[in-house]
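Here we start with a single chain on its own, the form predicted alone, put down as structure tokens.
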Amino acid sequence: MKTTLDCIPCFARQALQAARFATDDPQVQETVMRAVLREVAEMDMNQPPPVMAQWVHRRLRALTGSPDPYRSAKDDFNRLALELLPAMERQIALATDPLALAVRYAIAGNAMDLGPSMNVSVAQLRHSIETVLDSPFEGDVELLRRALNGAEHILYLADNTGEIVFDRLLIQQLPPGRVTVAVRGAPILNDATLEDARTAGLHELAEVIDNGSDAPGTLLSDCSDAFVTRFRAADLIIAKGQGNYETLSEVAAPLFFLLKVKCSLVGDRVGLSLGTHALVAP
């Protein structure tokens, strides 16, 4: 998915929010914003939006001297999700269609995203889970079910912290022994890394790897050779979140995207309104 002119004000807004989140120093905030505005003026619009986000956060980490400015928020999200997990597991155990409900919970967890907004509250997250069956949903779970039945090598591309705990619910419904979970290779926003995967207990359910990249998505050109080999070998890929959609929607691969539509440009592309919980099939 290419960057558009409508992405530019969003880059500036996200950069300012991120700078204020990472540091109280107005001098550093101004330096970040001036650097971002210069970079945006020269950026390659054929690249997907996460390329710019990756540059912004690399710059932010360098200027603040913090390798993981969102660590505290990430820990909070993981802790909250783990508190909510037992109740969701009970609901899935009672469901007539556990896979369908697990898909809905996994997408609901995508609300734990500091990319679009730094103001995600605990109340909002609880509401997202409690109202999951009342939220607008679009997608063909049966198509995913058929794909799962024939898949030998399933690659699950995780997205954010907290959300990665909810991914447990769906991974538990996938064919055992066939799933590899991939997380980011280094801190970026509140995206999940290996540390978060272990906190969520994903290593108890599947092999967990990192993709070797610090982009808030899956830029294959920026990922490790080992990850790309796994990606190419997979006969089913489940990709969580908008960042993965923005970076992989034009890649020829057996992809199913699970996301909450938070951007009107993504919504226009998939033909869905803002706030929709979506399972986007190939």
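These numbers come from a predicted model, not from an experiment. Throughout, we count residues from 1 along the sequence that is shown.
The form predicted in complex with another copy of the chain is left out here; the points below concern that form.
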Residue-level question: is R13 within 4.5 Å of another copy of the chain in the predicted bound form, judged on heavy atoms? yes
Using a 4.5 angstroms cut-off on non-hydrogen atoms, would L255 count as touching another copy of the chain in the predicted bound form? no
Heavy atom to heavy atom, is S249 within 4.5 Å of another copy of the chain in the predicted bound form? no
Can you tell me whether Q29 touches another copy of the chain? I mean in the predicted bound form, with a 4.5 angstroms heavy atom cut-off. yes
When you measure heavy atoms, are A22, R58 and A62 every one within 4.5 angstroms of another copy of the chain in the predicted bound form? no
Considering non-hydrogen atoms and a 4.5 Å limit, which listed residue (L220, A233, A226, M45) is close to another copy of the chain in the predicted bound form? M45
Which of 66 to 74, 241 to 249, 34 to 42, 209 to 217 lies within 4.5 Å of another copy of the chain in the predicted bound form, heavy atoms considered? The stretch 34 to 42
Checked 1 to 15 against another copy of the chain in the predicted bound form; residues with a heavy atom within 4.5 Å, sequence order, are L5, D6, I8, P9, A12, R13
